[in-house]
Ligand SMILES: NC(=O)c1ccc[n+]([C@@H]2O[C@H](COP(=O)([O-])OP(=O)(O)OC[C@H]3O[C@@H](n4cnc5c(N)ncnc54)[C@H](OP(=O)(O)O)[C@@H]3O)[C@@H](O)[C@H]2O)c1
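First, one chain by itself in structure tokens, the form predicted alone.
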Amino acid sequence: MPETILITGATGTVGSELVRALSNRGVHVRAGVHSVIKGDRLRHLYPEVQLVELDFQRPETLGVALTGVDRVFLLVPFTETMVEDSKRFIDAAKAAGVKQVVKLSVMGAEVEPGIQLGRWHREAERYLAQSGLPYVILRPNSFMQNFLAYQGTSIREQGRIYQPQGEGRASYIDAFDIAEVAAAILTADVARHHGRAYPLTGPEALSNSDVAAIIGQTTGRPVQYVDVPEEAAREGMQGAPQWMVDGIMELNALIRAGHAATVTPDVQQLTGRRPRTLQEFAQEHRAAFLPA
């Protein structure tokens, strides 16, 4: 009988890609969504996928979402309560008899003392490891999709990428590849990957100047990287919670210092194919980088 796999955060960047990756693999996909209404797009694209309401702040939804589930892809949103939310979900998964949890973490979470986001993820990783549940940790680098989500407007309207990252390089990864790795693990024998932590990257480390040049070449219009002073970057996030501002600035500083430039072979080894390049990503999303 096909297994049932629950994907939390199923409408997000990685979650929606994983719904795609698993939908044709002969498993029952259960998509955890904050509200069923928000899952309408998934319902339209993948009518065979079961939508279920899952709200980390409403514990009563966790038991329902986990009923009859064999494996879980655990993606907890970046919020001030993400550690508590993770622990609450892990407890519920254990009570439900889940056979495997694949947790999405962040690259460098194992580094001590690390940055705040890494420490939060590491605490959740440790809790999962101590739960007794079979588990796998995925630690991806920054997503290529961030250039659409956070820089897309300035690229379209001004031909500019604004970041306080100097010429630091990062091995950006396409969320498509993260999903392919997760799908490969979630459909393999549980024992094969148990207890492993995989750092996931794209095929090369790029600076923002490199990214600007690639997007410019793909779109046929000049794109320039502007290195923003740290204080100006903080001012630009006025209105956001202080913990979030501090967390984002720590990530920026990490990239600026060159600590995000590591390239790993894990995507190739786990999926049997090389990870997507930034050129391929830019070409696929070319229209989104062009003025309306």
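The structure displayed is predicted, hence computed values, not measured ones. All residue numbers are counted from 1 along the displayed sequence.
Keep in mind that the form predicted in complex with this ligand is not shown, yet the notes after this line are about it.
Think of it this way: in the predicted complex, this ligand has a heavy atom of just one of Leu75, Val211, Leu128, Val181 within 4.5 Å, and the residue is Leu75. Between this ligand and the residues Val29, Leu54, Leu66, Val223, the one pair within 4.5 Å by heavy atoms in the predicted complex involves Leu54. Of the heavy atoms in Asn141, some are within 4.5 Å of this ligand in the predicted complex.
Not displayed here, this ligand is approached by Leu104 to within 4.5 Å at the level of heavy atoms in the predicted complex. Contact check for Arg71: no non-hydrogen atom falls within 4.5 Å of this ligand in the predicted complex. Among heavy atoms of Arg43, none comes within 4.5 Å of this ligand in the predicted complex. Across the proposed site, Ala10, Thr13 and His121 without exception bring a heavy atom within 4.5 Å of this ligand in the predicted complex. In summary, the region of this chain contacting this ligand in the predicted complex, judged by heavy atoms within 4.5 Å and restricted to 152-160, 185-193, 91-99, 76-84, corresponds to 76-84.
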